[in-house]
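First comes one chain, alone, set out as structure tokens in the form predicted alone.
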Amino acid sequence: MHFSRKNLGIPYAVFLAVFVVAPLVVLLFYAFTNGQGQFTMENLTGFFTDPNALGTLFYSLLIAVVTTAVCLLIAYPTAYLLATSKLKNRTVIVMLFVMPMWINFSLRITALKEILTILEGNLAMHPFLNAVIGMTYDFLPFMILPIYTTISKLDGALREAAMDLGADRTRTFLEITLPLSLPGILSGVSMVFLPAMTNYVVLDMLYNSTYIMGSLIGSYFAAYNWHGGSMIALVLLCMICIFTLLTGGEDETARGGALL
């Protein structure tokens, strides 16, 4: 029997067929059928006419946008200073940002909850603020690392040439460093925005709230409404695909995503 390198892809193809393609087929089936297994568009129209579902969608989008913006505002200066500094131990400093990801997620959020409880008393008084703080605390490393990797790989001669030609530091940053670090920014935005839309665990652990897309889908399935839950999951999947296409199109290694 002749063995070729194509045969090495058979296990991967089987894995994709069983754990990716098959679940998507089941999702599509339930999304566009009713309880009798008949084709229907009521699940789709029902989502866009349900005030609760639309409110949850917009609230999730708002949390994701604000969380991504806050992470970017904190991560970019941090990554820039680390990548351009001449510190001998900057790798150790970068590892300090990564180390929280090695700790159990529940322990980290529980510790954050205790701190916020001491500062605020009743966490339910500032639900949106606490949600953003929790999301930022959880996803900040995913924004720092791609930006740091991209900036650290930039050719320093480009900045030196710009300054030799008369550009000051601000202009050099705006016209050289910032445009060339855009791939890392897009990579970080993708890795923060997408999970922030569905990570209801942070909200549940902080103040027992389920007002986000991930928990909404779970509530539909918990009520045995697989058809409505599948349609909401499908709508969210389409939004994620569109967002990925808008921010993608480049090799992940060049964007710094390979580090993660």
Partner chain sequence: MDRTENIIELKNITKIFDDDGFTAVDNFNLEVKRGEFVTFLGPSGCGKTTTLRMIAGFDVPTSGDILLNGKSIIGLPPYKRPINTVFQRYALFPHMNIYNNIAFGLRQKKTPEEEIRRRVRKVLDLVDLEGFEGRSVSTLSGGQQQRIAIARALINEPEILLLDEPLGALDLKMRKEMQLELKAMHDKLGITFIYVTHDQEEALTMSDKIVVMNEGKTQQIGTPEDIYNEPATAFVADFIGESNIFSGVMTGKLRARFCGGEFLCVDDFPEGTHITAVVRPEDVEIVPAGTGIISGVVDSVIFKGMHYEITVLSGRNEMVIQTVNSARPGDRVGLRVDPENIHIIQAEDHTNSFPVDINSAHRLEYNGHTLDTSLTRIIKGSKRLENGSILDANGEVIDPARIRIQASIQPEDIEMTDDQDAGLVQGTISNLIYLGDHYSYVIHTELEQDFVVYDEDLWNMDDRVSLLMPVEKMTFTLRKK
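Owing to the predicted nature of the structure, the values given are computational and were not obtained by experimental measurement. Residue numbers count along the first chain shown, from 1.
Omitted from view is the form predicted together with its partner chain, to which the following refers.
With the partner removed from view, the residue among Val98, Leu158, Ala124, Ile74 that has a non-hydrogen atom within 4.5 Å of its partner chain in the model of the complex turns out to be Leu158. Residue Leu165 is the only one of Leu87, Leu107, Leu165, Leu119 with a heavy atom lying within 4.5 Å of its partner chain in the model of the complex. Contact annotation: its partner chain lies within 4.5 Å of heavy atoms from the stretch 167 to 175 in the model of the complex, the single such stretch among 186 to 194, 139 to 147, 107 to 115, 167 to 175. Under a 4.5 angstroms non-hydrogen atom cutoff, its partner chain in the model of the complex lacks Ile93 among its neighbouring residues.
Using a 4.5 angstroms limit between non-hydrogen atoms, Leu180 touches its partner chain in the model of the complex.
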